[in-house]
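Presented as structure tokens, the chain that follows is alone, the form predicted alone.
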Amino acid sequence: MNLIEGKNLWKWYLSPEGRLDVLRGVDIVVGENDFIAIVGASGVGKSTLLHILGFLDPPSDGELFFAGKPAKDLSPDALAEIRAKNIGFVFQFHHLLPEFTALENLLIPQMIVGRNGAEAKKKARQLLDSLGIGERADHLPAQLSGGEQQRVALARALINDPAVLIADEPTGNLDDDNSHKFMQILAEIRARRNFAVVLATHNMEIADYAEKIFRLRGGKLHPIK
């Protein structure tokens, strides 16, 4: 089944100098358990495309679907529910809430979907354990290394069992060693839990973890692998 599908997606911005076209007719399909990497230099529109595929920002033109349903027919509340229950997000910077522990950062998205108490804590601890940071559950983000913080961010993105993980330069703030550790962990947990990944990166070594690779250039996607 196609989880997310974009047809002829355009995104432009208007300025006093005129219209800037960032995406120029992108076609993309994200199926169940797909692992897709989108590569390209900084500023070519990778984040723009991921924000559209994650239903964070609408396209200027074109059609976007989730599980066959046109996004244009869905209310803001319905789109918010899709994001909360079906899509996880990881960004270059972890964006953990600094005043909450790693465990507490995983409880908050569960509260949004109505899961609370002992069940939520158990699920959070199990997921942190599976990512190799269970012993850091009661530490604040400032007490964690950069690699540990990003693993907590990954756990937070996966805590509600999304069908799709949107990862925007998730290793961009990590050194080479931690970047590959992160990607190995992501690949392992994806194999166990069966979710799709759409990852944007400028690093071909990171992109090579994916099964399909596209280059974003000139506002269009060009298949590499």
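Keep in mind that this is a model prediction, so the values were computed, not measured. Numbers follow the displayed sequence, beginning with 1.
Not on display, but discussed next: the form predicted in complex with a small molecule.
The chain is drawn here without the small molecule; in the predicted bound form, the stretch among 46-54, 183-191, 66-74, 24-32 whose residues come within 4.5 Å of it by any heavy atom is 46-54. Taken together, the three residues Y13, A41 and E169 all lie with some non-hydrogen atom within 4.5 angstroms of the small molecule in the predicted bound form.
Remark: L20 counts among the residues lining the small molecule in the predicted bound form, judged by a heavy atom distance of 4.5 Å or less.
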